[in-house]
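Only one chain is shown below, in structure tokens, and it's the form predicted alone.
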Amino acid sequence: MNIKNAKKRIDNIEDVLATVAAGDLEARIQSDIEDDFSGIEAAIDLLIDDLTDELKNRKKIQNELEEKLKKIQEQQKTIVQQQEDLMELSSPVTKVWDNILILPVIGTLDSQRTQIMMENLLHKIVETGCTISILDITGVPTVDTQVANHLLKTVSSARLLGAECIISGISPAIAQTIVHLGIDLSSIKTKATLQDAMIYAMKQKERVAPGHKSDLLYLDDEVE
């Protein structure tokens, strides 16, 4: 075989392959000698070219997948934030009268929404200093044990902050469910309607000076 500088060229091949293995995909043999060994050197360069193309393609695919995954995670984060915002908006606590807060609840209650509702109410009690809060569940179709326990915790937490919590609008279906579940609400002030709860709350207010008819008495006259 006609091979020039065989030892030097073999060492060069080993160096190139070691360099490629170390991550430098630009390394090539690129021999300018034409002999029986040139085909092997050219074949090795072609093999490195194919390997480089394959690795670059895989890297491109990996980057695309990572970018898509990042977008999906950002979308999921946005969706979760929107859901939390919607739940907060669906549980608004409003100061409707001096010293009286109302939290109207509409729709199905789950543990997460009930937790947010409780946090909103307690935060509003601290913020306003109100000592009476009405939790109206007229628009709630049903409750389960976990939700009922959350309601009990809400009332207890409100008391710890110095506020009485009245639950109004308990439907016959919810009442039956609560009895069936064996949940004791005897320590909680409940009213059939929001109007009844408002009248009760007004009665807890400090009376006006003698000689003046209070807003409460007007309310009582209207109800009668």
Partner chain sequence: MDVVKVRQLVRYHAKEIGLGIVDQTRITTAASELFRNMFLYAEGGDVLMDAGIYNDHKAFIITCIDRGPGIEDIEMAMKDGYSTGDGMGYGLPGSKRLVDDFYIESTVNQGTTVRIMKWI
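Positions refer to the first chain, counted from 1. Here the structure is a predicted model, which is why all the values come from computation and not from measurement.
From this point on, the text means the form predicted together with the partner chain, which you will not see here.
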**Message:** Please tell me which of Asn63, Gln176, Asn57, Gln30 lies within 4.5 Å of the partner chain in the predicted complex, judged by heavy atoms.
**Reply:** Gln176
**Heavy atom within 4.5 Å of the partner chain in the predicted complex - residue from Leu194, Ile183, Leu161, Ala42** = Ile183
**Message:** How about Asn149 - does it come within 4.5 Å of the partner chain in the predicted complex, if we only consider non-hydrogen atoms?
**Reply:** yes
**Item:** Heavy atom of Asp144 within 4.5 Å of the partner chain in the predicted complex
**Value:** yes
**Asked** Is there a non-hydrogen atom of Leu109 within 4.5 angstroms of a non-hydrogen atom of the partner chain in the predicted complex?
**Response** yes
**Item:** Which of 116-124, 129-137, 71-79, 101-109 sits within 4.5 Å of the partner chain in the predicted complex, heavy atom basis
**Value:** 101-109
